[in-house]
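Shown next are two forms of a single protein chain, provided one at a time as structure tokens under the names structure 1 and structure 2.
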Structure 1
Amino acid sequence: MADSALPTAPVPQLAQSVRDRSGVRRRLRYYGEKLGGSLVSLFAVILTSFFLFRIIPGDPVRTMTHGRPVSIEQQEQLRREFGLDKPLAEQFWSYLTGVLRLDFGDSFQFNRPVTDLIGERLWPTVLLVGTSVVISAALGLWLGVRGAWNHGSLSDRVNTGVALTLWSVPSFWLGLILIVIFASGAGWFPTSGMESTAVEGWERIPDVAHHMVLPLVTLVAVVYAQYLMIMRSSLLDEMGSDYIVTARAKGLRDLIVRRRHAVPNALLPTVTLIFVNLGFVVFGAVLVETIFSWPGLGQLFYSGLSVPDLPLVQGLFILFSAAVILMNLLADLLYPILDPRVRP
């Protein structure tokens, strides 16, 4: 009887199948580790948010009733309404169960749900800080590419010096200087607010843009240097690479070498910075929004800290931190796609 041969897969196909399965497992493990780390960070933020703002000096009830004829009994009644008379463990459990339901409670100052206040203030912050991130990234990357490609030139030294100088200036100080010169002095721009009260309809668009000029310039001036310096440093490193030398030896024009070869690779380190700053879009700019009376989340957070309004600052702190954690997670997940060298 002839022996029957068992069907076997070709060795190269079998090896490729094993490598594919191993690669899938590595990618799943990588994504799982990043997701797990983000969840741990978010849980740590939730714990920190509760205890951090309770060590801030100040009594919410005394602050809110300061200068008013309020008796001790009425103050105790307010503490019971706010839940401040309960044991700390009970307060924490109520806070934790509320956070899991996305219910941060009612604000002490405004006597309204914190989620409603966040919803009202979210758009002004996204408009202002989101626009500043886009402009800062575009300006910084453009100047960084030009500076690296013309390394050591007069324009490179001037642009780098100006950027570093503005980067070192406190945002609140720069904002005050702009208000003194261009708002109070020249009268070209309004000193505060987001829009005029008498403007309606389509006229609101240029009116909001007019109000946004000074806070937008303040944010862009102190942020764009980050993109400029990182892009400039990354591109300088890439310019000494072998593939750049080979592309130039082939006779390719500098414009082609820069656009198709150098810049795409040098752009990768800025991805993390862009995503981190996108996370801060929700955080807003507390000092800038406060100085210009911009009705965003940053100003709301500052108002809550002054009491302290515990439900408000806790809810905002969790929102700010969750946005940053989410953007960092997206950067970690996209980076292997953009750069094959770091793929798991």
Structure 2
Amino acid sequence: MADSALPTAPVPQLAQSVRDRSGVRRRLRYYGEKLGGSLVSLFAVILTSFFLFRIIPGDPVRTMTHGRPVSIEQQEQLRREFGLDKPLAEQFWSYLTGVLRLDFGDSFQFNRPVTDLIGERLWPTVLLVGTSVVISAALGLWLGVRGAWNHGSLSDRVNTGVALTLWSVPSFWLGLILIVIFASGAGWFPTSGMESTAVEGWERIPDVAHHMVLPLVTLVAVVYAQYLMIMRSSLLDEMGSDYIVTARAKGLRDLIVRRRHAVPNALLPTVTLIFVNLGFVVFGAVLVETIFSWPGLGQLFYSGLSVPDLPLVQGLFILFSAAVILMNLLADLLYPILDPRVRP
């Protein structure tokens, strides 16, 4: 607001520097607000997880040991271990400081720090999820662009139909079917795990890739449809725009109009979605990792659920939520780079 009178300022250099400084301030405020919002969300998640896992169950120890022969002494022991005999405020404080130090306590079933377990299982998940997001985004965007450009054609209708059907497929079921056909059936791929025991050195790369094919196909199949539908409808919106007519009137080929004008504009809403989705895909991996015994966070989560191993589930709950928040933040930070209109 303050620089609205500047165009008439007599000394241009001065005006320029004042504008730059206020621009920097504006940018800092924008990024500050986004970062602050994320921290508030993160705090809310931490708070939720405390109440969800300690207050609602009444007695977490009983929930955890449900249906198991555990003596009264052992229960007391567990209670002391988790600090459940202390007042609530004190419990919350030690929980909070623990979480801030990335200390989620010890896993009940593995008897090891949750943080260590997460550290071990993080990379397989990042590998699987990362690869699947790259592939499904590329596939979804490509098919979405093609569908919008030839919308109503046979290939568009088939593509949309296939995407909607795959979107309706439960990922765990698809995984089982793929195993039945290609692993235990045809024997082309291993049924489970991430690598074979005997393989060493550089040989491990093709071996892991071989193990990853089926889980990857499953994840991509259930995820790409969303990208396709969003890209398709957002490109259809753009195609009706006036600037597309301008571009065509300039004498550009359709392919160039699409690549240089329509797609960059249509990408804006899509990119946000991809990032927001990325956080959720991590959780989507729970089922796929379980089905294929992929040694990642998802499988860890599943094993925690079946006990239930509350410290483990809680740690992963915070981690998965934090992933979504982080991706939202990244989307917020990335968006101004793509769209000059919202550039602070």
Partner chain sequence: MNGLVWARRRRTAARFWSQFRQNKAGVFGLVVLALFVLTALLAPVLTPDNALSVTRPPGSPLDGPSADFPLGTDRSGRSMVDMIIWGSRVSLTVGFWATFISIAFGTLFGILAGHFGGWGSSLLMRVTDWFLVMPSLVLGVALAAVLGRSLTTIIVAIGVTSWPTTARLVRAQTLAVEARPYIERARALGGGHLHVMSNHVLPNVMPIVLAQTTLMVGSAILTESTFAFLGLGDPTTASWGATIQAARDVGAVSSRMWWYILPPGIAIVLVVLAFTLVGRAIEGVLNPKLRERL
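Rigid core (definition): largest C-alpha set, two forms, superposition within 1.5 Å. Remember, it's a predicted structure, so these values are computed and weren't measured experimentally. Please note that residue numbering is based on structure 1, beginning with 1 at the start of its sequence.
- In this pair, structure 2 matches the form predicted together with the partner chain, whereas the other structure does not.
- Remark: with the core as the superposition reference, the CA shift of Y302 between structure 1 and structure 2 stays below 2 Å.
- Once you line up the core between structure 1 and structure 2, the Cα of D237 stays within less than 2 Å of where it was.
- Relative to the superposed core, E203 undergoes a Cα shift smaller than 2 Å between structure 1 and structure 2.
- For L35, the CA shift between structure 1 and structure 2 after superposing the rigid core equals 3.1 Å.
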